[in-house]
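Single chain ahead, written as structure tokens, the form predicted alone.
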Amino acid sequence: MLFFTKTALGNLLRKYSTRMYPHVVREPFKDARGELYNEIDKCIFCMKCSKVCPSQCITVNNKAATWECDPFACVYCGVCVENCPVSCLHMKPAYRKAVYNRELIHMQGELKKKKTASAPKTTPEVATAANPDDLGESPE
């Protein structure tokens, strides 16, 4: 009985070995892959991120200009970030906070207007006629 009392009193006087999460949050590790986010203004809705995602947690609708991600299905591998052609996907160094309800990340963007090719330059039409009288000039 005295053996356990010594251990119990020792534990009461020592520093805590665990954290009171979520009140005390630990600093993330260097180069940690945290929460995924999209700079929707830069996104071109090319759907590459949804095609390369191994967990298929990203849904892109390029006609409605929407981008959705299910953070509960994401495995934070970073493949989508590496394959984004315009570098609009990033991973925050901080982890996503615990929540009670399952929420999707839904972003609404705007479709980029395609650059229209400039109208082809028209060359001035040159009047040609076999007979000079047809051009309105009199032959000398």
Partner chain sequence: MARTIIPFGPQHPVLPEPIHLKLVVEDEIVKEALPAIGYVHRGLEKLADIRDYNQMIQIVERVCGICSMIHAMCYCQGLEEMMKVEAPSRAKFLRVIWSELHRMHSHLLWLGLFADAFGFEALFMQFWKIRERIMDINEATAGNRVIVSVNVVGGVRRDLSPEQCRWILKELEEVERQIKELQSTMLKDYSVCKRTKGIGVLTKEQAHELGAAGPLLRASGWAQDCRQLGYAAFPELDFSPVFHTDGDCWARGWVRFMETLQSINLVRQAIAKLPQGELAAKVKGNPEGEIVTRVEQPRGELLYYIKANGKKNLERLRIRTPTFANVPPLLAMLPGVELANVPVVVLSIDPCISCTER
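Residue numbers count along the first chain shown, from 1. Values in this document were obtained by computation on a predicted structure and should not be read as measured data.
The same protein has a further form, the form predicted in complex with its partner chain, not shown here; the description that follows concerns it.
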Exactly one of C77, L111, L104, C46 comes within 4.5 Å of its partner chain in the predicted bound form through a heavy atom, and that residue is C77
Exactly one stretch in 36 to 44, 96 to 104, 49 to 57, 64 to 72 has heavy atoms within 4.5 Å of its partner chain in the predicted bound form; which is it?
49 to 57
Closest heavy atom of R14 to its partner chain in the predicted bound form, within 4.5 Å or not?
yes
Please determine whether V86 contacts its partner chain in the predicted bound form, using a 4.5 Å cut-off between heavy atoms.
no
Quick one: which residues from 19 to 45 get a non-hydrogen atom within 4.5 Å of its partner chain in the predicted bound form?
R26, F29, D31, A32, R33
